[in-house]
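Here we start with a single chain on its own, the form predicted on its own, put down as structure tokens.
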């Protein structure tokens, strides 16, 4: 039987460039080192290259609309003129206004950031209310479509659906976001008319919220959205990802769409629900290449799935990656220092395009046309499975021997905190920072020279110790109560630890975007994990020797090490988390033995690891909490355990946050103006807490009055004896001038608030 050809496409491509060109161009523009024209030219060049890669891989349409100078959801905010009134921007938002919302201004804090579903990407949260209106801003998206068409490409435009954009927006209190749906649909309809006139072949509407537990009103709105937009006359691809949507199979079958995309990696079993009775006038796009991890695809296994689907769908089968390739690095070809054996197990974005091309040829021309590629993939998969480094019996045995006793502190918090206060002798409202201090060009140059071998070990340690002395001295002059060593030796809060653990591999150029111009290079967990030797003790004890004030030992937690790495896919994540927890437990105990009285175990990722369906939450939270407690629970009662979490909504998992049983938790609350703290108060969070008093992700330095307002809000919901004062995150990305100015105001704010507290505690 002869089938019509199978089509291929991708949902999106990494936008930062193979050499992080976009990051450098954007930051140069922010600093005034280049102008707007230069930044726009960098954007055009990157788009041209990325479209050419897609064309050369044989995709049927290049994807336009996935490029962003800061964030793709923020692009839609600008595209539909939805800037919050507080910024005072014209309706037609330009690039300056776009960045003003993203980074804040002297008068206004930036838009809030949240994690993009359960990924480590952060999106800028739109703000909506009864006065929000929408209008098409023709300076956004449409010029990119014209660029692609002028280059001769068949174009598929990608947009967040109006429903997903509204769901992710922050409404004014008491406002129903769905009230804006009709207005937003009108703006989309106008845009679709422009796209049709430009010869766009298809519009991909991203609808990842369908993998969530949506209220009935929002599910009913799905019908409204696609019925209305189908009237514009453009073929619509409804793209779902990050989870299964088979619960909505009947609804999705009935929609007037041209195609539906399913994530076949995160939810492979959902395919059966859609293949049965899939309408003859609709295509089904199957995401069978993992868009969120860097392992090679098991092409033989995937082809089995695709052949079965093609027998039902024929030419109505489209093949793609599971989600946008935004979440993986650009090109494996640049990784010359990676162990060749491990390198052969991987595929970055460019290699995933090549895998897509192999699948297309295998389906359209027969597997004989690509037998060499299929054989090479099969050999790599088998080699990885058999490699001795992926399974270490002593690590597995240690995990198997864990008991509940390993997850409990010796005494309850009320008893521990009394001993800790006696040992630490801190004032009311103790001030501290989250851990890192500015990573200057000199620090980065010293690390690079050490890696290159031009700075020997003794010289490198002397350089790092000099920076630690500098950081400790500045903190003491600022009057901070609990100090940190500043982490000059750390390239990244996960990579640094991964480099010292068995079972990890590292890339040179494996950068992915976290937010804005911020890129991270996640390490790769490929085998069983253990700690061969202490990782931080030398730096922490040296820093403590410089001061009489308490010095925090700083660690990344097991969940953060898990979720901010590219993790192996051949072992359950819970097992990997427990291996990491044991490795970190060893480090915690060594820090304590060296005299460090406060140890911070950062866990900013606990919320992002939640499964998208609430029914799956209890199992995840059970092993996540267990992993943290294993890492933290071996210490004495008078050793204080801190943890830090940022840019997540915690209110719906507060029982689990409390179950971590950290003595002190520091959280991001500045962008939400302490709103997040209300949930901690309603829950009656039992331990100490440090809500962030200012936003470190913006160069803006808030004035004293603003900090005092936030601290007053915090004191209204948290008893003073349990309240800490700190920024909302680490200071690695900031400059020293703004860092010192902000911390000076923060300390002054705390000191002013202490005076009445001390007066109240004094006897009459």
Ligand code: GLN
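This structure is a prediction, so every number in the text was calculated from the model and none was measured. Positions refer to the first chain, counted from 1. C-alpha atoms forming the largest set that superposes within 1.5 Å between two forms make up the rigid core.
Same protein, other form: the form predicted together with glutamine (GLN), not shown, and the subject of what follows.
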property: Any non-hydrogen atom of residue 668 within 4.5 angstroms of glutamine (GLN) in the model of the complex; result: no
property: Residue 732: touches glutamine (GLN) in the model of the complex, heavy atom cutoff 4.5 angstroms; result: yes
property: Partner contact for residue 687 in the model of the complex: glutamine (GLN), 4.5 angstroms, heavy atom; result: no
property: Close approach of residue 79 to glutamine (GLN) in the model of the complex, 4.5 Å, heavy atom; result: no
property: Candidate stretches 724-732, 66-74, 27-35, 46-54, one within 4.5 Å of glutamine (GLN) in the model of the complex by heavy atom; result: 724-732
property: Candidate from 536, 431, 600, 324 lying within 4.5 Å of glutamine (GLN) in the model of the complex - any heavy atom; result: 600
property: Glutamine (GLN): the contacting residue among 169, 221, 493, 195 in the model of the complex [heavy atom, 4.5 Å]; result: 493
property: Contact set, 425-439 vs glutamine (GLN) in the model of the complex - heavy atom within 4.5 angstroms; result: 434, 435, 436
property: C-alpha of residue 436 moved at least 2 Å between this form and the one not shown on rigid core; result: yes
property: Residue 605: Cα shift of 2 Å or greater between this form and the one not shown (core-aligned); result: yes
property: Is_shifted residue 263 between this form and the one not shown (CA, 2 Å cut-off, rigid core); result: no
